[in-house]
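The same protein chain appears twice below, in two forms, each given on its own as structure tokens and labelled structure 1 and structure 2.
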Structure 1
Amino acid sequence: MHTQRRLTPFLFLSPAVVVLAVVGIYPLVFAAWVSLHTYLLAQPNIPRDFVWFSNYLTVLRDGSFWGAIGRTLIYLAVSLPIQIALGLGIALLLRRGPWARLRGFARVSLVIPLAMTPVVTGLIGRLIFNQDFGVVNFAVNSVTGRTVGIEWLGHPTLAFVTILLLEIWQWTPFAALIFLSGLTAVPAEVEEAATLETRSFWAMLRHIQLPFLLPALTAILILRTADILKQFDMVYTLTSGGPGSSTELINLYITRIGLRGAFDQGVASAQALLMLILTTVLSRLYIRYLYRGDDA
């Protein structure tokens, strides 16, 4: 009886542990093994020799890799703060005042972009930003009174701006919903007491509401940073990384190395593991400096 009681927790946990090992730990270990070997998919007859950290040195000496990293970090540094600022603004509008009456409708509306898959978002972007019949060019032509015909997806800078706009459009609602949920944790009596001291919006936000929003902010930073660093579907559907390499983010570059161009799984695995380290470091920094929990 005592032995059965001790084994019961392990029996309940074992399915989850097995699934985690199969879909999470095994691929990670296999990628680490591949990154230390010569592993060319297009040349299966070549021996898979152990090459130590040669693949990692190849990655660190690759200028295209650093170019993709730079574009991805710019993409992250521009899109994430805008998503957070707009999301916080929407949440504060829906928190109180006349806009609070629209909270139910707004919640449903905010979920719509989140429900779309990145591929659908990319296809919608191809229609909206089409040079000939896109909605954006139609609006610009209507305002200016002449046919402008902006080539959104054919110009390197405009193509990068386009993927930024779609990223912000799709994921700002996520930040808004998380912040709106976080604002419900602010005690009403604390806010009422604070209004006796100050009517300043910024003082209320900084000293009363923001401390309660830090866990939500940390969650948004970690989740969106991880998602942006592995961004692939939407950008590939919209621009395929072009024109040139102007929108080739790091995940598209890794895919090109591993599955389309050189089929070099060893180098691609080394790149992927370096990105995993970068994501982990950024997540740890967010927790360390923003969410000062007991274990931080």
Structure 2
Amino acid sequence: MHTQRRLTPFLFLSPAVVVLAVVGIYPLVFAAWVSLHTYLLAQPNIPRDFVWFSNYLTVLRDGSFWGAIGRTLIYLAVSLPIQIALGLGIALLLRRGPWARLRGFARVSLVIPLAMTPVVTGLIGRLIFNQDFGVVNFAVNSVTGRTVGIEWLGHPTLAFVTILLLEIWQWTPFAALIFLSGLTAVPAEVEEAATLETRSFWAMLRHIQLPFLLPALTAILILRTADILKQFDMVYTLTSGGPGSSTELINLYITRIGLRGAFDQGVASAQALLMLILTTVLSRLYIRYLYRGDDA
């Protein structure tokens, strides 16, 4: 009886653990092995020598690697606060007030960007930001009265702005919906009592709603940080990292080195493992501080 008790959780868990270990851990071990060797996919005749940590040194000395990391961090630091601010604003608009039906429509419509395949978001971006006949340039020209087509995807800074705009478009609804569900946790009596005390929107937000919004905020921070560090699909179809390498986020850079151009698997594996360390440390910190696994 006792051993059976101990065995039961094991039986329930083992299929999932075995499968995840095979598809998730085994490749990592292999990547670690590759990262210590010369491994050029395009030149199979070059011997796969054991080179100690030279691939890692190559990566750490490589300016373009740090460039890609820097771009990714800028992308994160700019787009996430905007998503959070806009998301909070939208959640407050949707929370209560007049226009019940309009609020309902707007809330449901937020699901559309979330469900949109990021690949397709990138393709739509190419269409609406097209220099020649894109609707964004048409709108800009109608307002400014000029007739020059802005080269959104051909200019390094503007291309970066474009990927930021699409990132914000696609994921602000996520923040809005999570904030909205945080707001619904605010007890109605508390809010009503507070409206008798103060009419100030900010006082209300700060003293009454904020405590209920903090879990939502941490959730958004965690999940969006992880997903932004993973960003690949939308940027791949929108700019493929260009022009030059102005929008080449870290994942586009690593796949270019490993699979799309240089085919240097040794160096790319080293980059990927460094990336893994970065994301693991980040997510561990996040989860340790903000979540509790059990009985939270």
Partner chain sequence: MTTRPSPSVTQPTSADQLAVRRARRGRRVKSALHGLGLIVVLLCTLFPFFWMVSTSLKTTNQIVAKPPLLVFQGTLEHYRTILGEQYQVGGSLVNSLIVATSATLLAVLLGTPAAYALARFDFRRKDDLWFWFISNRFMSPVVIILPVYLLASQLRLIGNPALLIAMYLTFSIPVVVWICTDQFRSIPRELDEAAMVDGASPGFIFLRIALPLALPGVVVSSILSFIFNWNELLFALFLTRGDGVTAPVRATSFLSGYDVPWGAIMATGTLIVLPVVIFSLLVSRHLVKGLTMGAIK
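The term rigid core refers to the maximal set of C-alpha atoms that superpose within 1.5 Å between the two forms. This one's a predicted model, so the numbers in the text were calculated from it and none came from an experiment. Residue numbering: structure 1 sequence, from 1.
Annotation: structure 2 represents the form predicted in complex with its partner chain, while structure 1 represents the other form. The Cα shift for Asp264 between the two structures, taken after rigid core superposition, is 2 angstroms or larger. Shown in the overlay between the two structures, fitted on the rigid core, is a CA shift at Thr38 of 2 Å or greater. Once the cores line up, the CA of Asn55 ends up 2 angstroms or more apart between the two structures. Core fit done between the two structures; CA of Arg101 shifted by 4.2 Å.
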